[in-house]
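In structure tokens, one chain follows: the form predicted on its own.
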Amino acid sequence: MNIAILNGDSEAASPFQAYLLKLSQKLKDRGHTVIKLDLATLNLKGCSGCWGCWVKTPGECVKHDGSATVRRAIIDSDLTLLASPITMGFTSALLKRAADQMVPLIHPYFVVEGGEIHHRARYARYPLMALLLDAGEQADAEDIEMTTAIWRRTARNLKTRLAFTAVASRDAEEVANELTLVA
């Protein structure tokens, strides 16, 4: 299985970074191909809402930044793990910026799905998504629940589903086992 980890932690030497390295190794030991993108090292300019990705350069952001690498990693994966510390009740600004730049992965045209209006798929296949949160000392169960709900809706809008949410306080071996089972 191809797994893309989008790392939204901006601290290069944090305990969460060490956890992600350990988790990546556990997944590789199980025979998975893992690509870990440290969003802090990519030049992500952020979405300006120009919709050029739908009109001028369909499927690609008009800005030439690291978002193309993120989108390619997502589409090429079987599972995309969204990894982030919880900051002020939600995932990091880095992960949110990367998510905003996922818009080119869908068409601007609408369809009705499950009684709701959604964008059409651009690709025949989208990866499952999972969420790994570093709750730290500031986040509580409600933060995790709300964050999961928002990412579940984001996954649905991106033609996939959020398979599970885990917190980094769990053993990396256990999380690796669960990731292997969902995909």
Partner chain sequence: MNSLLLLNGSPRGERSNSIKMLERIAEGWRRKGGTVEALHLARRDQFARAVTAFAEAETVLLGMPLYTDAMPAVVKEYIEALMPRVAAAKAGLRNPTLGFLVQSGFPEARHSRPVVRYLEKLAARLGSRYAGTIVRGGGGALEWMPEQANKKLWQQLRVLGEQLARDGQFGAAELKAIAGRERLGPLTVMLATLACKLPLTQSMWNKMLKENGVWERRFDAPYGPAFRP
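In this text, all values refer to a predicted model and were calculated from it rather than measured experimentally. Numbering follows the first chain given and starts at 1.
Another form exists, predicted together with its partner chain; not displayed. Remarks below refer to it.
At the 4.5 Å threshold, heavy atoms of D76 reach its partner chain in the predicted bound form. Not displayed here, its partner chain is kept clear of G136 by more than 4.5 Å at the level of heavy atoms in the predicted bound form.
Although the partner is absent from this view, H119 contacts its partner chain in the predicted bound form, with a non-hydrogen atom inside 4.5 angstroms.
When contacts are judged by a 4.5 Å heavy atom cut-off, S48 counts as touching its partner chain in the predicted bound form. Contacts to its partner chain in the predicted bound form (heavy atom within 4.5 Å) from stretch 57 to 82: T57, P58, G59, E60, A68, R71, R72, I75, D76.
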